[in-house]
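Shown here is one chain on its own, the form predicted alone, set out as structure tokens.
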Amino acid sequence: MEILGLSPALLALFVSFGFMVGVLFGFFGMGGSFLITPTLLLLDYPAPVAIGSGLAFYFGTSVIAVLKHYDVGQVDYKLGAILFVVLSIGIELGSRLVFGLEALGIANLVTGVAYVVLLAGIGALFLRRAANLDDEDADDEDVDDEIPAIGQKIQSYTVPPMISLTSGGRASLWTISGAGGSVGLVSGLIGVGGGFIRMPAIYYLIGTPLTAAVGTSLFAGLFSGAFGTFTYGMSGSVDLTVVSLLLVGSALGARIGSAATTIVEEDDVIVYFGLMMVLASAGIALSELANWLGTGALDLVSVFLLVGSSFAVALMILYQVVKSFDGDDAGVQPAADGGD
């Protein structure tokens, strides 16, 4: 029996996967489309549909998460507006390249290889950062909120026109355009919102505090995601049924993930996020190998690595949220007893 053209198993998969990706999205400020698009590719959706649906999903989750970050003032609107313009240009170029590759019959291959390289590289950077955490001083609690050394170095090169940042400091419009345009090109090419590379670009290259980088990344992604969705939607490359099911789950997940940033230390789970991206990269690599060898066994392993890793990290975040609440309850009870 099928519902909305999908089996009950796929319906449950899309809703639950959307929830888990929403948790990750809200917590890390990095889009879930980098997981959605390859998953759809593994389920044999055409590359343009997988990419367009991934961007549409990112747009929907951006609306949810931005509202949460707006409440705590973590958005640089001027920077976000500039990034939107250059991101849109990059996405348009990337989408044109995808349709050209599709005409040549190699869009799926190029997209898969790009994912393997990008996810593995970003995952390695996160794992390196996690390893370096042990070398930081215990009393340097605000180190993540400061502008990184490389960002300060880039800001020292005052190539006009210069843009004043709401969070403090100034950045060259050329730096912003180069970083945003490159991220947009990748977003349009492989169908991601670009948060997993846009947020680090804002943090390290433009030079904003991490909290502002997360909120501004989401804000810029909100509009670039809308533009990308429109671009692919005009060609009929957005599966509204799949996107709607994913958004049903992510609506709650993204709110929980965004709220978790105020009570859970990112350092506690950053190593798991890095592992998740490395495992996702391995999953996509296995899928490409399965297509080359013509075997279905490796496809099952690739789906497990891709979906299972995201579920595991999201569950870790949820566990720490629940643990935090349990700790608060345990701390409140003795105080109440002592007052009696």
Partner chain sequence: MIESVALPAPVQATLLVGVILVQAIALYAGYGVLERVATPLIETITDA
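As the structure is a computational prediction, the values presented were derived from the model and not from experiment. Numbering follows the first chain given and starts at 1.
The next section is about a form of this same protein that is not shown, the form predicted together with its partner chain.
Between the options 109, 234, 131, 159, the residue in contact with its partner chain in the predicted bound form by a heavy atom within 4.5 angstroms is 234. With the partner omitted here, the residue from 277, 313, 64, 286 that has a non-hydrogen atom within 4.5 angstroms of its partner chain in the predicted bound form is 64. Shown alone, this chain has one stretch from 174-182, 248-256, 115-123, 101-109 that lies within 4.5 Å of its partner chain in the predicted bound form by heavy atoms: 248-256. For the marked spot (60, 226 and 244), a heavy atom within 4.5 Å of its partner chain in the predicted bound form is present in each of the three residues.
Using a 4.5 Å cutoff between non-hydrogen atoms, residue 86 does not count as a contact of its partner chain in the predicted bound form. Not displayed here, its partner chain is kept clear of residue 51 by more than 4.5 Å at the level of heavy atoms in the predicted bound form. Mapping the unseen interface onto this chain, residue 212 falls outside it, with no heavy atom inside 4.5 Å of its partner chain in the predicted bound form. Interface membership of residue 204, defined by any non-hydrogen atom within 4.5 Å of its partner chain in the predicted bound form, is ruled out. Along 7-21, not one residue places a heavy atom within 4.5 Å of its partner chain in the predicted bound form.
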